[in-house]
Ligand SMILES: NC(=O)c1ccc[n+]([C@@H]2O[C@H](COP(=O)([O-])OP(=O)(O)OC[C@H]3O[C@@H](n4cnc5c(N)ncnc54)[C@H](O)[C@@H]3O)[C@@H](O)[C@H]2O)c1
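Okay, so here's just one chain, in structure tokens, the form predicted alone.
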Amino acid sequence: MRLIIVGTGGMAAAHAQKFGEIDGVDIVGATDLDSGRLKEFCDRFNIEHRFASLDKAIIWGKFQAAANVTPDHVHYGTTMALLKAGKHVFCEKPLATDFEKAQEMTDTARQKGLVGMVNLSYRDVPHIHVVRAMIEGGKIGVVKHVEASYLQSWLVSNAWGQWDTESQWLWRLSKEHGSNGVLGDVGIHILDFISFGIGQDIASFDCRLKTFSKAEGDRIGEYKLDANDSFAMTLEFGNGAIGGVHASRWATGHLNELRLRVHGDKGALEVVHQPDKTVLRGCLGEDVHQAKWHDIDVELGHSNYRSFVKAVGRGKQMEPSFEQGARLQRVLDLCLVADNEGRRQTV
């Protein structure tokens, strides 16, 4: 498969490394409006063809697929251009900044018979696949209650850098710079973690968003600090189970942690994912009566990048698809409505 990388900042290096490890994938080109960044990236990964714009890459056309690693608000325009040119697309999350655009992207890929996948990166945590398989296999019975969280602390910690002086963090706090806050940045991950993990779509929910004051006048330079920092939701799923989820950048003591706990009428499962380790525990069988939990061993193996390559090779859509990206974007859009109107939303 001949692949180009669209956008050479942020996650682009991870895409180049992951795709570069897959047999049969040839990264033949890259595009970026920043010529210096483009040259540095292509030199680092030995990429021959370098384009100052996506239009020029499409005119050249000697590729089958693209990894779209542009900023969030550019995903729609760049992906649509690639799809119209007949190229398969592996797009960073979120698929788009609103549901209407995400659905148009989904419909276009389907109509043209192209593979469209979203890099919901926590699908690569193998433990969540084990959770789903165990639930589908009846190991915990009928799911009744779900708890989940995504906790970060970069607004109170310098472990990832200085948020108040570095543009890579400041833009995430500003609506004017294309941010949908913690809801759009990590909310999409934890909502996918939940719905994929338990094998149920979200049916209805309510949501509360919160933006805390972080600087005098809520502004630092060109950045107006108005994007949400924390959210809390209560959810009902398609099978009638209920639960809660929350996320924050103010979670002191947690660098980057996803947690999911699923309670069924015959047992329970919990997965905790952190940068340096992931743990899956279960309360199963007779241990339910004494509330005893035990670690569950998990084999490594899943990769969104490899799934995309397989999907293109087979000409068959795989998950996480554009359809899932659009479904999640609808929930995110309705979260804004729920917070603004103070009433429950039905998906």
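Rigid core: the largest C-alpha set superposing within 1.5 Å between the two forms. Values in this document were obtained by computation on a predicted structure and should not be read as measured data. The first residue of the sequence shown is number 1, and the count goes up from there.
Not on display, but discussed next: the form predicted in complex with the ligand.
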| property | result |
| --- | --- |
| Triplet Gln200, Gly238 and Arg261 all within 4.5 Å of the ligand in the predicted bound form via a heavy atom | no |
| Contact flag, Pro71 vs the ligand in the predicted bound form, heavy atom cut 4.5 Å | yes |
| 4.5 Å heavy atom contact, Thr31 to the ligand in the predicted bound form | yes |
| Exercise: Gly20 in contact with the ligand in the predicted bound form, heavy atom 4.5 Å | no |
| Contact flag, Arg50 vs the ligand in the predicted bound form, heavy atom cut 4.5 Å | no |
| Options 212-220, 261-269, 169-177, 108-116; stretch whose heavy atom lies within 4.5 Å of the ligand in the predicted bound form | 169-177 |
| The single option of Lys101, His127, Lys93, Lys87 touching the ligand in the predicted bound form, heavy atom within 4.5 Å | Lys93 |
| Contact set, 1-20 vs the ligand in the predicted bound form - heavy atom within 4.5 angstroms | Val6, Gly7, Thr8, Gly9, Gly10, Met11, Ala12 |
| Residue shift check between this form and the one not shown, rigid core fit, Glu166 Cα at least 2 Å | yes |
